[in-house]
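In structure tokens, the next block holds one chain alone, the form predicted on its own.
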Amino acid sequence: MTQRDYSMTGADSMRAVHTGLAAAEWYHTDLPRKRMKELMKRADGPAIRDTVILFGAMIVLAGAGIALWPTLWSVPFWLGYGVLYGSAMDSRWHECGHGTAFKTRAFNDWLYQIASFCMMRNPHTWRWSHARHHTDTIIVGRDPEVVLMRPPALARVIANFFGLVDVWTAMVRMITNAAGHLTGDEAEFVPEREQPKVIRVARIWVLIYAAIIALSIVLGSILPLMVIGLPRLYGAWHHVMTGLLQHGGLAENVTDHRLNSRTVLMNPISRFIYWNMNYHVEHHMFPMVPYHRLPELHEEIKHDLPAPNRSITEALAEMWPALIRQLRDEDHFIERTLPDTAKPYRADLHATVPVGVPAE
């Protein structure tokens, strides 16, 4: 077995640069230029509609939860509110970070800031983190957003269904940033000119959370934290589940999103929460296509892609056995089968030096 160093400053990071895996040429399905321009066209309407539904539902659910507090009748309402706060905001953070959810830039920025706060992700740090994720998707030592490293830390994964690891890590980073410092990995991918913004946002957030905690102490109730803060824990399960499916168990160090990303056909409610990011191969291949056009993009290029998983259950059933096997065989991964109508994977597009072998 090979040993992997997923840090942004380690041996595998340098190896990826030396072998050409970093900022490499990636495979893209051929699409007529005119059709591509149509699919990339942005609009405010769909995202305004979805945002009104999202915040309207959150207000109703939180209002019912507060009115019925502290009885058990409030629990279903808090659970629903938590999923919208702690999971739907993940996809809003993501899509607005790309700047494609709305046509109007100010709308993207507004929702991005709110979603970043809810998910406890510094908006300036994570904008650059996610840019790197798209440039070097699941390239060991280059991608700062690898969720399932090898061997997979399954205890950590399970804990994150309740937000325990992510929230603790986010709090430590927030306090570190508020004290005027960036972590080593953050300093590696956040441009120096952006670093003061990271620190400023962290300080504002610390003050907000301090005020919420103080209010809870004065009232002698956790109710204020049930509205702001705690939903990031009790509502995290859906975004963790869908996030694992994006790349879990698939190939590392390839430059073809068909091999390292997974498209899953989902029910309408999950698609609303996830904002169509279940079309994940399509999103990575063409990240400037707005979320509401991804179903169309899927139909256009599905002849060149592996067959999508037909449900969340089917995707989990495919992924989990691979993760269990990776506990004893870190080199194992799920090989995606391309249809006869697809162009074959071009191994010559990336270096073939395996992970764990020193580059010359």
Partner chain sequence: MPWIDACATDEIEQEDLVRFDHDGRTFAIYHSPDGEFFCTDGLCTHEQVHLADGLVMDYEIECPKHNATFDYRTGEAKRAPACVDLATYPTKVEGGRVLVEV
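Positions refer to the first chain, counted from 1. Note that the structure is predicted; figures quoted are calculated from it, not measured.
Note that the form predicted in complex with its partner chain isn't included here; everything after this is about it.
Enquirer: Would you mind picking out the stretch of 248-256, 178-186, 209-217, 125-133 that comes within 4.5 angstroms of its partner chain in the predicted complex, counting non-hydrogen atoms?
Expert: Only one stretch qualifies here: 125-133.
Enquirer: Only one of 333, 320, 26, 69 comes within 4.5 Å of its partner chain in the predicted complex by heavy atoms, so just point that one out.
Expert: Looking at the other structure, the residue within range turns out to be 26.
Enquirer: Of the residues 204, 269, 155, 288, which one places a heavy atom within 4.5 Å of its partner chain in the predicted complex?
Expert: So the residue touching its partner chain in the predicted complex, by this definition, is 288.
Enquirer: Looking at the partner-bound form in the predicted complex, is residue 243 within 4.5 Å of its partner chain by any heavy atom?
Expert: Residue 243 lies outside the contact set for its partner chain.
Enquirer: Residue-level question: is residue 40 within 4.5 Å of its partner chain in the predicted complex, judged on heavy atoms?
Expert: Although its partner chain is absent here, residue 40 would touch it in the predicted complex, with heavy atoms inside 4.5 Å.
Enquirer: Report whether the minimum heavy atom distance between residue 99 and its partner chain in the predicted complex is within 4.5 Å.
Expert: Yes, residue 99 sits close enough to its partner chain in the predicted complex that at least one of its heavy atoms falls within 4.5 Å.
Enquirer: Could you list the residues in 103-123 that come within 4.5 Å of its partner chain in the predicted complex, counting only heavy atoms and keeping sequence order?
Expert: Residue within 4.5 Å: 105, and no other.
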